[in-house]
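The form predicted alone is given below as one chain in structure tokens.
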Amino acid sequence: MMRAGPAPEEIRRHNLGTLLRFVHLRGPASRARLAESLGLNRSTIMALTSDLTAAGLVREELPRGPGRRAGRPSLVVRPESTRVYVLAFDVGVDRLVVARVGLGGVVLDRREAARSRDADPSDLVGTLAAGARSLVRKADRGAVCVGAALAFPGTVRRSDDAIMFGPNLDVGDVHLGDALSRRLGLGIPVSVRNDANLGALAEHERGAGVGCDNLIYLHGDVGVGGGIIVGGRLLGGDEGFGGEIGHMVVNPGGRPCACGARGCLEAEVGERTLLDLAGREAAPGQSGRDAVRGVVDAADRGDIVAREALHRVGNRLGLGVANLVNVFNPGMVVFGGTLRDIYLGSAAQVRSVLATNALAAPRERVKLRTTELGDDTTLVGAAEFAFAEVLADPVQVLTRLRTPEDTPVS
């Protein structure tokens, strides 16, 4: 049977989302640039921007600065960053971060707290909720929260956001998303996703991997996680468990891993192994991330033990990267979290092992990069995930979330 083409309303909804996503990710753009980039005529662009403006998602204004041309200028479309926002949560082993992120990716406000590794998991919800409520109270009157997402260092089931395994941060039976949503009382769910998967999303959309549709993101905290972008889309797997790169075995019979196996990438290149090989421990009050950087700094200053530790860890990291290059043929591998520092300290060893163990064809063009988003990579990924619904169906989502005293969407 022949399938009917999309209805006009479906086309309009798609175009609204496409235009909003463009200015959200690429920044303010003139009507002329939008028409050229999106392949739509100017009258359609005008109608779409009018709808988005009425909904309070964008505003149009005259271009600023010295680049204005003579004649009638094309209006510039800007996202309404202070009026439309999401809440992004990043749960690390040593720190907790909450941010209010406006449309366009602008971090409007944030709260950060250190976390003790032996803290009660139930304290997570209280700390995160208190931070988020303080951010919401500071939002402009009439501003709307359109989503919330939490990055967690563990295995998360996609169907119900249940945390199935958190080897370095056990939360027991606490359903973080549901508990946090109830404590916030904003009437929106809090999605929970694996932190490295969100890091891959962030680097693809806003970081080192912009324009690269096949990339792998490797994230280090205490453990090691990964996210894989294939054809511009996150590889989630059957239940959302895809990308558990940290539990790829690179040294059979090697160091024991928290997952129960031996020789996993996480066990061979993670924080504990590096500090052990360097004969160090994290100083009291010093986060694991700072301890890792301490080893790298010591190696730079000529510390022979630190250099040898980085060499050995770099060897295993290179093997892991070689396996990933052979299997996925990425255009780019991005190192984030503590792996950013470890890679910078052992880049020569990683590249040498990659050259020896990866097939020539897939390794020929692969680029090895460090994150451009710094320590906020997974936080940015959580924000982008939280924006996904409103970017897919802008007007309907905003209409549903507006409170009665808000101006109705036309």
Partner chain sequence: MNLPGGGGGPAARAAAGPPVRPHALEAGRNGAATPGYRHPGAADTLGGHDRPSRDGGVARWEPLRMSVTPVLDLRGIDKSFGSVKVLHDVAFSAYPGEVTALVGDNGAGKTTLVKCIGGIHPFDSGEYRFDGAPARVGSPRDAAALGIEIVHQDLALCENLDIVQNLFLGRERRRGLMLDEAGMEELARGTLAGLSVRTIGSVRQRISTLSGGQRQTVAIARAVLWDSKVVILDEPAAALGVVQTQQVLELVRRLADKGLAVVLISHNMNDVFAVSDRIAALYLGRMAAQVRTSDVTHRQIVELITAGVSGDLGLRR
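Positions refer to the first chain, counted from 1. Just so you know, these numbers come straight off a predicted model, no measurement behind them.
If you look for the form predicted in complex with the partner chain, you will not find it shown, but the lines that follow are about it.
Segments offered: 103 to 111, 272 to 280, 336 to 344, 257 to 265. Contacting the partner chain in the model of the complex at heavy atom distances within 4.5 Å is 336 to 344. Interface membership of G154, defined by any non-hydrogen atom within 4.5 Å of the partner chain in the model of the complex, is ruled out. Taking non-hydrogen atoms only, A47 never approaches the partner chain to within 4.5 angstroms in the model of the complex.
Interface membership of A54, defined by any non-hydrogen atom within 4.5 Å of the partner chain in the model of the complex, is ruled out. In the model of the complex, at least one heavy atom of H204 sits within 4.5 Å of the partner chain. Residues from 378 to 399 that approach the partner chain in the model of the complex with a non-hydrogen atom closer than or equal to 4.5 Å are E384, F385, A388, E389, A392, in the order they occur in the chain.
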